[in-house]
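Before any questions on binding or motion, here is one chain by itself as structure tokens, the form predicted on its own.
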Amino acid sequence: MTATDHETVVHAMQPEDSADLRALYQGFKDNHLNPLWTQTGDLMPMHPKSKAVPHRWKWSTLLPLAQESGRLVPVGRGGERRAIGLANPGLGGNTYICPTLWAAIQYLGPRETAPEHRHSQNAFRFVVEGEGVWTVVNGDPVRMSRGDLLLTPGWCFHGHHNDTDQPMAWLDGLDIPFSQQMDVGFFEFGSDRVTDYATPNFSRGERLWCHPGLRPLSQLQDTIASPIGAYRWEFTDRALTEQLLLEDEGQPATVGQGHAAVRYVNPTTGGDVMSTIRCEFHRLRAGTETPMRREVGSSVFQVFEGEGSVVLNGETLRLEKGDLFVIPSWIPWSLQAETQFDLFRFSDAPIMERLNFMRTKVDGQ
């Protein structure tokens, strides 16, 4: 049965209008009730029909607006962060990039400090360019540099300080829409200043955990979120480079011809870095095009380097460094690389998989 057939059947089963029927419906309305037989097509569609729409944000537009915000808007208690949320045009003005995820460009000026706080929502930072800021997570200063993924799991105190004379901007990603819809959010102010103004090259979490294949015996209990504060670009880049080199040698090392990818993982479980957010990095050789695919759940990509395009629901959008785009649930999409094309991706896949809603359809498979 097609979607049109489904709508026709729903319409056909409606009863004839009468005074008694109108009185019945008024009784429903007076008692805050809704009859299922008038809503089946909305409540149980034939496939996901997100109110969110595919959309692209240009870095060449975002960054100047963030810079102007830095000139005009102070950072401190009250606003807490100089962060500009990406609002999906289909979601009625809410600062949601999709129904489950939140994305923003955060901007910190020279020598500025964003004060400590903590919240139930899980968060990460991804740095597409710049350096000079440290984020302090539960007292552990973590350097932020180009290409790094930095984690702030839920209910960890965190603040940011810029130790340089240059501003810095980065991508924030959180599960705010999901936690808001589920009514699970808590928030608490911390110190007005971050607890540690140290500027180490590597955080304590990295020094303990970032040794390939080795786990400290002092930390044998699994953790819900990854204990690694920063996933460094040098290792991500090396892993992607080696995948493509192995492909050249005839080894089955990539996810598709000319398409290398990695998933950031929690070293205590091998699962996702946080319980509600999946983070990945993708690299396409020049000229590579990925198969068209659909997935339940939403994804957000940011271009790290290179040029290419994304086909979203039949529309081709050209992409350059820093550009962001969102793929709502079950929207068909494909990537096309003009040059070597590096992209960071985050999604709500852990939620969809744990609730057994995940479904994927790939053309040709």
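Residue numbers here begin at 1 and follow the sequence given. Only a predicted model underlies this, so the values are computations on that prediction, with no experimental measurement involved.
Just so you know, the form predicted together with a further copy of the same chain exists too; it's not on screen, but the next bit is about it.
Asks: Looking at 161-169, 74-82, 124-132, 284-292, which stretch has residues with any non-hydrogen atom within 4.5 Å of a further copy of the same chain in the predicted bound form?
Replies: That would be 74-82.
Asks: Is Pro48 one of the residues lying within 4.5 Å of a further copy of the same chain in the predicted bound form, judged by heavy atom distances?
Replies: Judged by the heavy-atom cut-off of 4.5 Å, Pro48 is in contact with a further copy of the same chain in the predicted bound form.
Asks: Residue-level contact is defined here as any heavy atom of the residue lying within 4.5 Å of a further copy of the same chain in the predicted bound form; does Asn34 satisfy this criterion?
Replies: Asn34: yes, in contact with a further copy of the same chain in the predicted bound form.
Asks: Any chance Cys156 has a heavy atom within 4.5 Å of a further copy of the same chain in the predicted bound form?
Replies: Although a further copy of the same chain is absent here, Cys156 would stay clear of it in the predicted bound form, with no heavy atoms inside 4.5 Å.
Asks: Looking at the partner-bound form in the predicted bound form, is Thr61 within 4.5 Å of a further copy of the same chain by any heavy atom?
Replies: Looking in the predicted bound form, residue contacts with a further copy of the same chain include Thr61, since a heavy atom lies within 4.5 Å.
Asks: Quick one: in the predicted bound form, does every one of Gly27, Asn94 and Ile351 get a heavy atom within 4.5 Å of a further copy of the same chain?
Replies: Contact check passed for all of Gly27, Asn94 and Ile351.
Asks: Determine the residues of 208-242 with a heavy atom within 4.5 Å of a further copy of the same chain in the predicted bound form and present them in sequence order; the list may be empty.
Replies: In sequence order, Leu208, Cys210, His211, Pro212, Gly213, Leu214, Arg215, Pro216, Leu217, Ser218, Gln219, Leu220, Ile224, Ile228, Tyr231, Phe235, Thr236, Arg238, Ala239, Glu242 come within 4.5 Å of the partner.
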